[in-house]
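Below you will find one chain, with nothing else, as structure tokens; this is the form predicted alone, and questions on how it binds or moves follow later.
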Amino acid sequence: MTVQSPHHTFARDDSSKLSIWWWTTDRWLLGATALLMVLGVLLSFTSSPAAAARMNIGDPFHFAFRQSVFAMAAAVVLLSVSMLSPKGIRRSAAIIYLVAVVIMVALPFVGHSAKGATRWLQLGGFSLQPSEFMKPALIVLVAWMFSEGQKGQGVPGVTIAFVLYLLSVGLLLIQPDIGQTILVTIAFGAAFWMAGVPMHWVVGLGGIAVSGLISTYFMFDHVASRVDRFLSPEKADTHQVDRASEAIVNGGLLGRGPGEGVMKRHVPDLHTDFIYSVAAEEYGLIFSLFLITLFAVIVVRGLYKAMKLSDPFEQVAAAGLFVLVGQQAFINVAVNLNMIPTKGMTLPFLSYGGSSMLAMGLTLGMALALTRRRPGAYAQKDGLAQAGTFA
């Protein structure tokens, strides 16, 4: 029995939707994303027994089985969304953003509270975190508004984009969720800069963002506590970060072996925020660097593909989405390495969580859809879009 390769399964003259998708989608991006999803499931089988024991759950693979279901659902979302046209991406983003905002407005009244924050809507056995889905939808919408503002047809695109951003940030601060606020601000800033706005606007936004970040130290006690623990670890309880750092060190070059990690038994959030430390202890430095390389491939190649797009909306939206993924991965790994204060940020596709997994499937699905090869999708000369100007 012989297995046909994709080149035979999807012939170039095959006009089916799936075949067209295969030949127009960047397979390096697709392959790196698929590999991260598979590794996320495998790592969940490593971390699940310790997490289940800590939470007194009878089934040691409770989280692993759930993560497998989440991964399959995310794969379906990614595949479906990546087949959409740019117009379809805009429409989907508008609907998703509207639904997410409505749910976030209702969270203070009907949301589920945990660790001092109200970020989730309990739906049976599933906790939905609407802010995860709001993020990619917001980036697509502000890119759309920026591109409309460039056309000079009277559409106040920049104003609308800022209103959408400020609404999102306001709802995140109510929860409160400072980590997501920082992430959204960085991605928004990247889209703002990519849209070709005057540099003094970019500098001004950066100054406001830094001032806002500093103000959170005085406005939110948990932010002040995390910063104080980071700056003066000898004066506070840094148990979780210390155990994560020990796990990374104990892993050495090749790791202790699958299932042989010991520090994961002492890290409460080992299967979510600190899955990178679990991977480093059991599979070693080489494997953890390989994970970082996969994210780098997605971000660098994604930005390269985005820069070649000639349509301003597609260029800004795609770049913003890849920045969103890369920045979230960077923040999570930096926390695990004790380089920045703890943020409660998941590692895309690797950390346990249904909302995070599905939202990442949506994010990369949108990015893949926007970077698919289309007639006229790329600039003819130097491959760079000619950005418009704002009045």
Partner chain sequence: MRPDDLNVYRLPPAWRWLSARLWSLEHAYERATASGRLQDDARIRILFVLAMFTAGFLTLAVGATHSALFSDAGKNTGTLAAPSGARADLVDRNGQLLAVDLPHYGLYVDSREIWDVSETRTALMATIPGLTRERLDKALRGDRREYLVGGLTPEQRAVVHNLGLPGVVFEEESRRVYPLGSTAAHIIGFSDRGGAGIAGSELALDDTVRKLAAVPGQSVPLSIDLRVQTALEDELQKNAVSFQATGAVGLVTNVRTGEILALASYPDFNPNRPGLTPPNNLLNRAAASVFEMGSIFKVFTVAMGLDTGRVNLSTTFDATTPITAGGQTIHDFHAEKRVMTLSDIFLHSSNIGTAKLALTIGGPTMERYFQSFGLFAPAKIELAETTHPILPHRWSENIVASASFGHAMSVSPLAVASGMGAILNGGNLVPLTIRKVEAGAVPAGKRVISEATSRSMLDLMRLNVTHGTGASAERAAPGLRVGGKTGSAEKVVAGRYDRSKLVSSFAAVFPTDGPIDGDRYFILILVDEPKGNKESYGFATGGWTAAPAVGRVAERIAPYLGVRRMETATDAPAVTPERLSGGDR
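Note that this is a predicted model, so its numbers are computed, not measured. Numbering follows the first chain given and starts at 1.
The form predicted together with its partner chain is left out here; the points below concern that form.
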(message) Residue-level contact is defined here as any heavy atom of the residue lying within 4.5 Å of its partner chain in the predicted complex; does residue 90 satisfy this criterion?
(response) no
(request) Examine residue 46 and determine whether its closest non-hydrogen atom to its partner chain in the predicted complex is within 4.5 angstroms. (result) no
(request) State yes or no: in the predicted complex, is some non-hydrogen atom of residue 158 no more than 4.5 angstroms from a non-hydrogen atom of its partner chain? (result) yes
(request) Mark residue 272 yes when one of its heavy atoms lies within 4.5 Å of a heavy atom of its partner chain in the predicted complex, and no otherwise. (result) no
(request) Heavy atoms, 4.5 Å, its partner chain in the predicted complex: which of 127-135, 146-154, 211-219, 96-104 makes the cut? Say which one. (result) 146-154
(request) May I ask whether 259, 279 and 283 all come within 4.5 angstroms of its partner chain in the predicted complex, judged by heavy atoms? (result) no
(request) Counting non-hydrogen atoms within 4.5 angstroms of its partner chain in the predicted complex, say which of 345, 37, 323, 362 makes the cut. (result) 323
(request) Name the residue from 206, 170, 108, 252 that puts a heavy atom within 4.5 Å of its partner chain in the predicted complex. (result) 252
(request) Could you list the residues in 163-193 that come within 4.5 Å of its partner chain in the predicted complex, counting only heavy atoms and keeping sequence order? (result) 192, 193
